[in-house]
Each structure stands twice: as C-alpha cells, then as structure tokens.
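Just one chain follows, in the form predicted alone, and it is written as structure tokens.
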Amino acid sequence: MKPTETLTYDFIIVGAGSAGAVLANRLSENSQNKVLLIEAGPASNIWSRIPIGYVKTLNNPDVNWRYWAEPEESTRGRRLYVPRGKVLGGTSTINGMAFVRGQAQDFDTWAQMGNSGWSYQDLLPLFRRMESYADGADEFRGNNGPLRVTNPVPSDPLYKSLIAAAQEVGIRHNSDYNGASQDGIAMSQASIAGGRRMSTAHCYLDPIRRRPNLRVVTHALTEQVLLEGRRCVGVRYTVDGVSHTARSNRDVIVSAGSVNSPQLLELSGIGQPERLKALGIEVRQELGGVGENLRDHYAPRTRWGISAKGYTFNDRGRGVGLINQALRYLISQDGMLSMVAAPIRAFVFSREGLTTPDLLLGWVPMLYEPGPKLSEQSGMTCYAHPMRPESKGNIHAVSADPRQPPAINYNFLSAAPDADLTIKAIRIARSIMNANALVSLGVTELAPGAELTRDDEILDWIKDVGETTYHPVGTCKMGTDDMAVVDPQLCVRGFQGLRVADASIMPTLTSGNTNAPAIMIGEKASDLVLAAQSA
C-alpha cells in the first residue's frame, strides 16, 4: 500500500512502556517539543485496571508479545514462557505490580563499571521524584510524583504468621525495604492505589494525552530506525499494513524493552556483522554487545499445603468466597482482586559476612495450576532465587522480518554460584515454612518434597520446574567497554540522535523486581535528553 506523508518531530520514542511513557510525559512538558510516541499494542485492555487482571493478560496476545525462550539444559529442554507487555504502559500494564527499587549497591556497581551519573546518590532524587509514597516523604521516599505506591500493613493472620516464622529463623521485619536498607521480610509495596493498577499509562500518559505537542500512535510496529551516515534521522513503522516514515530533528529513543530493543537495532543494521549478514541485513555499525548480556531471575516455585481452613485464597477465592471477594473489591477496593502478585517477600542473606541480602523469597497465598487457575488444594506458593545471578544469555533476531520473534537464550545456571544460591534460597524457604509460628496452620511441603535433601536432588528439581520471574534486562548494556551498546548518556555507540532507554541498558540485574528501576531509567533518560537539548 502507498506510504503516507512523512512527518517531522523533535523526539520520537519507540515503545510506550515503563520507560517510554515516562519519556513522553517529560519531553512533552515543554510545549515547544514535538513528540511522537509509537506503541505496537492497543491503548488499553479491560483487565488492565483491576490488579488481579494480570491473570487475564498473562497469556493475552492482544496486549502481550507472548515470547518463548529456547530450550536448554538448565530447563530440561523446556521452553520457558516470556510475557512482555504490548500495550500503553508496556509490562507495567500486565505485571505483578510489586514495587522494588533494588539496593544502593546495585547502582553503585553500575557507576563503578564506568557509568558516571548512575550511582545510588545520583539516582535517589529520581526515585523520589517519580513516586507518591503512601507513607509519606523522607530522605528516601517521595510523595509528589506521578506514580502512587502503597505499603500494606500485615493485617491478615497468614501474613502475620509468616513474619513471625521468618523472625524465628533470624529474618527481621522491615517496614520499608525501599528505604534505608532492604534486608528483612515485609508486605510487598505495590504500584496499586485505590484498588487500581498504577501503570505508567495511567500515571504518566493519561494526564497528558491532550497535549497538542504529543502524538501517540498505537497498533504501530516499528520496523527500522533510519540512519543517514552516523546520524539517526527517524523511524519506519506500519499501521494496518500501511508504511509510515517519521523523521526526528533531535533524538530517536528506543524504549521497546529488553526483547524488542536489541531486535530493532539488529533489524536496522546495528549489531554483530556475521549475524546481520546471515539475515540479509546491511551492516551499518558493528556493535558486538547488541543482544548479549541477557540476565533474568530463574526461580523454582516451592509449594506448601495448608490444612487449616480459611487462610488461603484457595479457600476464599472460589464459589461464595469469590462472590464475597468481588463484593469486597467493589465496596472497599481491597481483598483478592486488589492483590499484588506476591503480597509478602523477604530479602535474605545466603551466608554470614555479606553486607546486603543476595536472595529473594516471595509468597503467594494460594496454590495454582497452569493457566493459571486455583488448585483444589489449599496452600501457598513460595518462589526463591538469587537476586544478582551471574549467568548470561542473549537475544537475537532470526529473520529480517520484524514480525518474527527473536530467539531468547537464557543459559540459566551456567554460572556455578547461581545454582548454589538457588539451592540455598530453597533451604531458607524450608526453614521459614517449618518454623513454630506456622505449625498451627498444618503446613506440608508438596514441592520439592521433604524427601529431597541432597543438593544434587534439589538441583534436579530446580531444572525440572524452574521458571523466570519475568525480569529480562541487559541486552543493550550501558557502559564504556567494548561490549557496551550505549554510553552513560544512553547514546548508541557510533551514532548521533539515537538512544536506548529501558531495562535493556542495565549492566547487571537489580536486587528484586525490575519495574521500578525501569521507570527510573525513563526519568533519568528524560533528564539526559533535555540537558543535551539545552546545551
């Protein structure tokens, strides 16, 4: 079909997700900046407002890219599911809504790797700027930002018992793991307020959609960034089969996420020359790091039966109980339908001598089966994993056709410490679940099963059942070394007018869920772009 007229903007943002939506908001604050925001998915989904709606969007192709990783030894040849948001707000619109910044050490490590301006003290003002924290502002927390963050109190008897059990084995209760220190057990802080999901679409885009200098295009697949010499001058994208070209006066900012951002660079001729040539793509810039350095959290889900009735959502979330939960949500906007994916979590130490925790345990107050759907048996699920794994994989295009999904190779457990730490996390989960504070609930270990006691037995089980926690990062790594894709200003090496700003730029994984750091990256990128504009 005939291409449409080419339009020109100051800034073009590819991807309206956790970082892209932030950029659209901040860059369009100046009415003189003409901004184009391109999103492959729709504007919204009926389930995206209700927190428990992630159950309905987890496998929904309308709002989810629904990627699959390649089989590997660490998964016993299984292909792991990799959901990614394809909707305004990106994965912040379909995720589990846990709000975890990570540790100061995470960001100080980035700075020590040569990324000037990315230390914790550099980034703390951005974390404070982006949030409106329900418990009020202090030196660590903000209360004037677009994103509302809540911190539930442990009022439920099950959560109280879990906290008591953790304290029995030496894990303290921490009232704010996003504050002075992370270690301890706590209710999960959440991007939920008033019973509603606080996605970046809702918090950053909805209030500004009427700005005349901002254009948002949905259902638009970006196929290439356009390069003239060493400058990026625009993008080509399609809507309903019609090709469009948009040009940029200043910057094209790729915020398509850790799966799509490296693929788009490769489709545009930026990456490993032999890979690109094999796909018939003209090489425009050799950058060996494109698609490399993939990291994610690989976590088995331990399963625990509970004989006491009324404690878990297996008892409260079916039949009359489900009706009661629906009424509770309608009346007071709380209960099961307003629940973060893992309402309670613990940041723990694998051994003595560490200054910060290195393992994460997260509890879901139900047993569930594939689908997911509620199990007939009452119980709990606890995932357990190291927070800063060293295993690295890659994501690469397999075709010059942008509609073909890339190949995702995780290489989980390829770094020996990752397996050891995962086993340790499971043993700590066992110690908590077998503590005296939970005896009255009638807890029984269903998986891996108490009969599995040796490390090799537990590792075999991990490989049989482990899944990701949906935190892919690192595939357009920020740095100053030869494998860096972007520099500390988030500029793609070798080009002017082209940046990447999303979780793909993380050199290492942060300690916990990655949505809050991804939003922060959007804030940081907006500052970098605007500073360059005014220079």
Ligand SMILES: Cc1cc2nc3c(=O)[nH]c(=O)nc-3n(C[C@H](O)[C@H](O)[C@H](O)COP(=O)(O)OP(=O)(O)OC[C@H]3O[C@@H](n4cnc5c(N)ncnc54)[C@H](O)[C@@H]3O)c2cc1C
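All residue numbers are counted from 1 along the displayed sequence. Worth saying up front: this structure is predicted, and the values here are computed from it rather than measured.
Omitted from view is the form predicted together with the ligand, to which the following refers.
In the predicted complex, the ligand sits within 4.5 Å of a heavy atom belonging to His471. A residue is said to contact a partner when one of its heavy atoms sits within 4.5 Å of a partner heavy atom; Ala256 meets this definition for the ligand in the predicted complex. Using a 4.5 angstroms limit between non-hydrogen atoms, Asn260 touches the ligand in the predicted complex.
The closest non-hydrogen atom of Asn95 lies within 4.5 Å of the ligand in the predicted complex. Exactly one of the stretches 486-494, 44-52, 500-508, 27-35 approaches the ligand in the predicted complex with heavy atoms within 4.5 Å, and it is 500-508. When contacts are defined as a non-hydrogen atom within 4.5 Å, none of Thr109, Gly114 and Gly289 contacts the ligand in the predicted complex. Along 73-104, these residues reach a heavy atom to within 4.5 Å of the ligand in the predicted complex: Pro83, Arg84, Gly85, Lys86, Val87, Gly89, Gly90, Thr91, Ser92, Ile94, Asn95, Gly96, Met97, Ala98.
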